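Only one chain is given next, in C-alpha cells, and it is the form predicted alone.
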Amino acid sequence: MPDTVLAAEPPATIDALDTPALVIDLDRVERNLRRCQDYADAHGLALRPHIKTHKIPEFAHRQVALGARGITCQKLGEAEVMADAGISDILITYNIVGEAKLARLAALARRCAIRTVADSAEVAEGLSAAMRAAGLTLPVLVECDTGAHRCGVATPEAAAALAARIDSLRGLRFLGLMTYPAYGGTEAVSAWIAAALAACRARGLAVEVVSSGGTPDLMRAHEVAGVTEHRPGTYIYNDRSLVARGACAWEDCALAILATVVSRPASDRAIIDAGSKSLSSDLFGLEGYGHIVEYPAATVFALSEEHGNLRIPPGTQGPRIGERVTVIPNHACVVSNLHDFAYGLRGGKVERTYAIAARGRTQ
C-alpha cells in the first residue's frame, strides 16, 4: 500500500493556487451534509455515507458527528485508511475474495466494527473460513441486484436462500439485505425488497438491516419498503451529472477544478491545463466533460491527458490566455481519486488543505 501523502500548507489566497487544483467550497459541503442528515432523521433512516466520493477522513468524521451511523467503503484499502483515522463503524459493500484480502479483513475486524456483503455461497464460505480462523464473528448482508446489474443475487428467493446459508456458517452472522438500486427504479426496488423480506421471514430469518444507496434518488429513499439505512456518496459534493438529473442545483456543487487557459489557437477554441488526469473521461451520457462556471455556454468537448479543449460559441469572446476558469466535473467521485490534495475554500479564501488519504486504494 502506498504511504499517505502529507498535505502542504495552503497558500493564503485562491489566486496563489497553482493549477489545475481541486477546490472544495466548505460552506456548500456543510449545507449538503446537513440537508441529507436532516432528511434521514426526518424519515427514521440511518445514514451510512459512502466515502468513495471524498476519501478524506476529516469529512468522514464530520458526517459521523452530524449523526451518520457509520460509513461505507468500497475497498479494503479505503476502510483501512478510515480505521487508521479513528472511524469505528464501517460497511464494505464489495465481495471480498482471496486469502490476502481475507487476512486483511480479519485484521481490520479486530480493531473496529466491520460488516460486509456476499452475493454467493463461495464468497460467504471464504468469509466464514477467515473469521473462524481468527476467532471472530462477522456480520454479513446479502447483496441484491434490484436492477443496477452489477453484483448481487438475481431474485428475492435467491436472497433468502443465501441468507439461510450465511446464517448456518460459523464465524458469520446474517445481518440483512443490501442493494445499490438503478436510478429511477424506486418502485421496482421496493417490490423486490418486499419480496425478499417475505422470503427471508418465511425461512425464520430475522432481517435487521435493509441498506439502500445512491445520491440520484436520495430523497426517495424512504419510499423503499423496509429500508433501514441509506448509503449516499456524491451528495457531499454533487456534480454535473446530478444537476442534469435534477437532484441538485449548480449552487449545491461543492467540488470543482480550478484551471488556467494556456492557449487560444482559434477564435472558437481555448485550451485549459486540466485534461483527463484532472477531470477524468467520464461522460455519464452528457455532452462534454464539465461545466465551466464563468462561461456556461462553452463546452469542454475533448480531453487529452494534460489538455482540455473548450469550444467557444460563435459571437462570444471566451476566456483569455492566463485567465482562470472553474470546472464542475461530470463525476465528482472519480475526480477526487485523481488528486493528492484538495483545497478547502470559505468566504473566498483558502482555509486549509486536505490530503485525499484514501485515493488510489483499489485493493
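Residue numbers here begin at 1 and follow the sequence given. All values derive from a computational prediction rather than experimental measurement.
Quick note: we don't show the form predicted together with a small molecule, though the next part is all about it.
Heavy atoms within 4.5 Å of the small molecule in the model of the complex: which stretch among 308 to 316, 322 to 330, 47 to 55, 34 to 42? Of the options, only 47 to 55 has residues within 4.5 Å of the partner.
If you check in the model of the complex, is Lys277 within 4.5 Å of the small molecule, heavy atoms only? No, Lys277 stays farther than 4.5 Å from the small molecule in the model of the complex.
Please run the contact check for Gln74 against the small molecule in the model of the complex: heavy atoms, 4.5 angstroms, yes or no? Answer yes; at least one heavy atom of Gln74 falls within 4.5 Å of the small molecule in the model of the complex.
Taking the shortest heavy atom distance, is Ser128 within 4.5 Å of the small molecule in the model of the complex? Contact check for Ser128: no, nothing within 4.5 Å of the small molecule in the model of the complex.
In the model of the complex, does Cys144 come within 4.5 Å of the small molecule, counting heavy atoms only? Looking in the model of the complex, residue contacts with the small molecule do not include Cys144, since no heavy atom lies within 4.5 Å.
Of Pro216, Gly288, Pro156, Gly171, the one that lies within 4.5 Å of the small molecule in the model of the complex (heavy atoms): Exactly one listed residue reaches within 4.5 Å, namely Pro216.
Among the candidate residues Arg132, Arg201, Arg150, Arg111, which is the single one with a non-hydrogen atom no more than 4.5 Å from the small molecule in the model of the complex? Only one listed residue qualifies here, and that residue is Arg150.
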